[in-house]
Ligand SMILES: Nc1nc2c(ncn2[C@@H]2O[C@H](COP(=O)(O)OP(=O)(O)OP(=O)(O)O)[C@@H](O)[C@H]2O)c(=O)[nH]1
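One chain comes next, on its own, written out as structure tokens in the form predicted on its own.
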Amino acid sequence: MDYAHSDTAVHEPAARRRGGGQPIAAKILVAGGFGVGKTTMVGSISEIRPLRTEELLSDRSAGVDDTTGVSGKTSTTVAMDFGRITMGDGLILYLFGTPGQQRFWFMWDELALGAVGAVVLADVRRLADSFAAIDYFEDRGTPFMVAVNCFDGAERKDPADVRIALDLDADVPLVMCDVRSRDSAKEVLISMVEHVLARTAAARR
């Protein structure tokens, strides 16, 4: 399992930064289709050893799990991924990665309880796989954003074209990223937090 330390600013005690107050905790989901990089993102950003519930793909998954575009994938998440990252100003994000295959979608309702927002990871080679997650969060009214994971060898798409293809509302953030990079994954989470705060402020007005 991957293990990643936070940088100095992130590791600074939250209570001291907030004048002795308690840090704020928030739950964020990392969702998307099969093989889109959810486990990788949680692992690359987490300041603790991430919890993973992966099982090896077997012959029994043939014809069930669509591995088009991710033929090298050998394992799959069957319950969830879990990680934690402390941001500035005493904000702690608890990250829950959802399983991607349809037969495990019954887990989503449990994982979504208490979540303030969601990151929907997308792969330009398999954009249709993102629709289920987008529809899910739209139906629940959960703030979400789309982060396009730029896989090696995948065609680079204009973000505006991806937005049109996914039929996203204008206020839904869309960013390009490489979830293997901790800095890139952190920028995604910063965008997510800013989106949630903007939605909350707008609702209060």
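All residue numbers are counted from 1 along the displayed sequence. Bear in mind that the values here come from a model prediction, so they are computed numbers and not experimental data.
Although it is not shown, the form predicted in complex with the named molecule is what the next lines describe.
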Against the named molecule in the model of the complex, would Ile48 count as a contact residue? Criterion: heavy atoms within 4.5 Å. no
Is there any non-hydrogen atom of Cys150 lying within 4.5 Å of the named molecule in the model of the complex? yes
Any non-hydrogen atom of Phe34 within 4.5 angstroms of the named molecule in the model of the complex: yes
Any non-hydrogen atom of Thr39 within 4.5 angstroms of the named molecule in the model of the complex: yes
Between Arg180, Lys27, Arg163, Lys157, only one gets a heavy atom within 4.5 angstroms of the named molecule in the model of the complex; which residue is that? Arg180
